[in-house]
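There is one chain below, alone, in structure tokens, taken in the form predicted on its own.
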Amino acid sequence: MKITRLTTYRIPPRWMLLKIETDAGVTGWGEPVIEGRAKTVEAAVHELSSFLIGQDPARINDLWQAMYRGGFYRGGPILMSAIAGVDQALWDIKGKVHNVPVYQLLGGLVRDRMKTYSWVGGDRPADVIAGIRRLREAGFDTFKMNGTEEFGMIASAKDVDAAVERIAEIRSAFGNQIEFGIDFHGRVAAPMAKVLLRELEQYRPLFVEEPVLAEQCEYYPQLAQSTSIPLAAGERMYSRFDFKRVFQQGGIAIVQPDLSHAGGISECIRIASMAEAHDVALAPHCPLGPVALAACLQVDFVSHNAVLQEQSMGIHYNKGAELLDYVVNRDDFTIVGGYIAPLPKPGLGVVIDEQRVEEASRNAPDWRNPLWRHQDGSVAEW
């Protein structure tokens, strides 16, 4: 069997899918994308085709190394996202050829169901209480929300109080009947992270995500020593080599590699194993589409340290399409009591509605994240 063709589809709301075809008629799907840089990743995917066309898709490890090491410059969000989507599609093909889910090829299940959580509150956290009540009716009991809006390097007491009061209201309204993580989203600089963590500690959030930007990861150990809140990070780390430095210095309790950004299933299995060796939990980042979620679940169901799975159903980014709009086997993605079962179908377990994808790709929006500014006009972290 040989790879014959790579086709990319940019689709609403901000996703891109990749179809890899073979001369045996078996196709695989991947989701290579950087939100807001889809066209750039698309170009990178097609540049990788010279390593892939005419090759045996079963040699996933060799093809991965060729894509990664075949160019002098490597790593980073664009190249690793391109590799990630290809890797997902190759595993999808392998599973279909052997007529088993990918998790069976990776050694089989370590759990029967996987805990998921839901976003609430939007970019500028608002109406969080009402949002949680609505999602609880859908069976969710675990949530994540943005912790702040724009936040200065040295923020005012008013801004700190606003962030803390929002969390206090949630705990007051729901007590310990729900769990929630707080995403600082890289908006909080190191001088204020310790302040916010101290103020939030009494409300016992499940974790605080990206307490500072990944490029400031040297602060993780210091922040961890100052708080009992588990710290999470990883969505802006793109290979085991990025994570290696974080594991070595400590401070992070939960790692969140993105299966569409960090080299795909092959690389994230390695990252998950590294995390387990350091007694660090795994909670893959996934505010993306159906193939990305399916890939995440393959890793979750074979990783003993996987504790939570993000998913994008109803997330505030979804304008023009929802997660299951492009999926034929929607029932396989049913979430019951906040848990999802292993996807039963071969490969990644997601059957893509190709006609819907092709139609949607004809008028795909060129999504960009907002550009925020502080009151003084300087650029703020979004």
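Just count from 1 along the sequence shown to find any residue number. Source: prediction; values computed, not measured.
Not pictured, yet referred to below: the form predicted together with a small molecule.
Undergrad: Among W119, W91, Y103, F151, which has at least one heavy atom within 4.5 Å of the small molecule in the predicted complex?
TA: Exactly one listed residue reaches within 4.5 Å, namely W119.
Undergrad: Only one of F333, Y68, Y317, F51 has a non-hydrogen atom within 4.5 angstroms of the small molecule in the predicted complex; which is it?
TA: The residue from F333, Y68, Y317, F51 that makes the contact is Y317.
Undergrad: With the partner left out of view, is D141 within 4.5 angstroms of the small molecule in the predicted complex by any non-hydrogen atom?
TA: It does not: once the small molecule is placed as it appears in the predicted complex, D141 has no heavy atom within 4.5 Å of it.
Undergrad: Indicate whether the small molecule has at least one heavy atom within 4.5 Å of a heavy atom of D325 in the predicted complex.
TA: It does not: once the small molecule is placed as it appears in the predicted complex, D325 has no heavy atom within 4.5 Å of it.
Undergrad: Please determine whether P287 contacts the small molecule in the predicted complex, using a 4.5 Å cut-off between heavy atoms.
TA: Contact with the small molecule, yes.
Undergrad: With the partner left out of view, is H185 within 4.5 angstroms of the small molecule in the predicted complex by any non-hydrogen atom?
TA: Result yes; H185 sits at the interface with the small molecule in the predicted complex.
Undergrad: Using a 4.5 Å heavy atom cut-off, which stretch among 226-234, 197-205, 299-307, 177-185 contacts the small molecule in the predicted complex?
TA: After filtering at 4.5 Å, what remains is 177-185.
Undergrad: For the three residues D87, Y238 and F247, which mark the spot I'm curious about, does each lie within 4.5 Å of the small molecule in the predicted complex through at least one heavy atom?
TA: No.
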